[in-house]
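The data below hold one chain only, encoded as structure tokens and taken in the form predicted on its own.
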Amino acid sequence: MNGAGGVFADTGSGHDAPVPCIQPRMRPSAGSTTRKLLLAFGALVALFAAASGFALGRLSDIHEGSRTLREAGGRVRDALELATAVRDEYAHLAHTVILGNASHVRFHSEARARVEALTRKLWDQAQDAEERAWVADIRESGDALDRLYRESLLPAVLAKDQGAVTAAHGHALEKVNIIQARADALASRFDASIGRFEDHVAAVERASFRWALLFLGGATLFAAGVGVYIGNSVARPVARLSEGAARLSQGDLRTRIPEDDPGELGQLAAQFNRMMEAVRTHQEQWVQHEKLAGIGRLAAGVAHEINNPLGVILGYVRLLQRKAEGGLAEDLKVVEEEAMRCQDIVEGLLDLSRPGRGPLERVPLREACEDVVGRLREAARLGDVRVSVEGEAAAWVQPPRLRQVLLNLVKNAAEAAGEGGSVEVRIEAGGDGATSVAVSDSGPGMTPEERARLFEPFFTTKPTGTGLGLAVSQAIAEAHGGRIEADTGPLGGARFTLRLPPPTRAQEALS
């Protein structure tokens, strides 16, 4: 039987012992990694979209300015062509005077038609009242010039009336000068607008270049920031998980992954760590089960063979003790004690090999505890240790097995408490039909090294213990679907708590 207690230790496991269910505890996160990534990429896309929209807007401005420049250039060309057409019209008028015949009438009409077409075009292109007034002057002067040619100058030329020709030519020259002046004014006005539009387009180009550079530079820096963020919040935690999985594949079940990420990856790391703990616990339980199973198989094969010669040895020793005296009697007493100790070890091994299956009975736990305490008191195994039993509950168990566990726990506690110490047995009933019996002592407790091996077979802290008591007790508890837990009790020493499940689970475990 193991010696005194200690703080909490993992229980050993039989073959059918359930794996502890590790419930995930999802801690609240400061922010979702997915949401952060979506926001980061959304902001990056929005920034590039804004930059692209601004660039498109500036390109649209430049395109509009270029179109306006083309239109202004067209107006300048039209104004200059009008001036040229008016000079052509005057030239045909002059040729009529010089030649003194009607040979240039047709050419004059063609020039006149061209002047009228350009005049209408400039009227359509006029952008303000002043320009329209100038075009109106051109139209009025052109009409007057045409009438003057047809109604005055041409008849005077054909009539050889030199005075009338001179007068008509003078009036015609005045109209040509008016048209020429207005055409030049329009050309100057249109040329000035071209300069303004060129300045505007240049300013738009410069502003577009500066803003595009700013947007692209900012987007590049922001993209670099997003990359750093992804590296810190996604790539690095994923790398940690990958390293942890690699260590796990190499058999390192004590690997731990930092859980400092506040998002889903931090929660995943926490789940991974809990999974590792569960796997490690299950492996330790499986190893414990294999130890117990191996010991059980060994015990089943040799226990009876050992018990027979031990019985013969004890028989002869006791027979010789009746005749022995002095030193021989003391030697025989030592032989008897060692043989009985061997019998205790064999009985413990047999207990590990017994499956413990069978029918259950409803047992009042307080009555069972008081009966165990009474038997130990009668056998002088408690000395002057004060033992108290508190609480009421009943459990469905195999009575002999339950008494064996209670006997081990109370006897262990009394030995740990020592002379003048105290032992407290507290019985509690759970709301779901589960029950527990906690045995606390005032002893020194256990060290972490001892606690880690608490339920291992043949491990003991007592010089005369077999190291099978707690292992057997744990196996019996697990055969009932329960377990034994160890921690620090209210008396300052160890507390061993036998937890028994509801009747249905206990029956399932033993069926």
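Note that residue numbering begins at 1 and tracks the sequence as displayed. Please read all numbers here as calculations on a predicted model, not as lab measurements.
There is another form of the same protein, the form predicted together with a small molecule; it is not shown, and what comes next is about it.
Screening Leu153, Ala416, Leu365, Ile179 for any heavy atom within 4.5 Å of the small molecule in the predicted complex leaves a single hit, Ala416.
Put simply, of Lys462, Arg35, Arg70, His63 only one has a heavy atom within 4.5 Å of the small molecule in the predicted complex, and it is Lys462. Stretch 437-445 is the answer when you ask which of 437-445, 308-316, 133-141, 391-399 has residues with heavy atoms within 4.5 Å of the small molecule in the predicted complex. Shown alone here, Leu470 lies within 4.5 Å of the small molecule in the predicted complex, counting heavy atoms only. Within this chain, Ala477 is remote from the site of the small molecule in the predicted complex, having no heavy atom within 4.5 Å. Not displayed here, the small molecule is kept clear of Thr119 by more than 4.5 Å at the level of heavy atoms in the predicted complex.
The small molecule in the predicted complex comes within 4.5 Å of a heavy atom belonging to Asn412.
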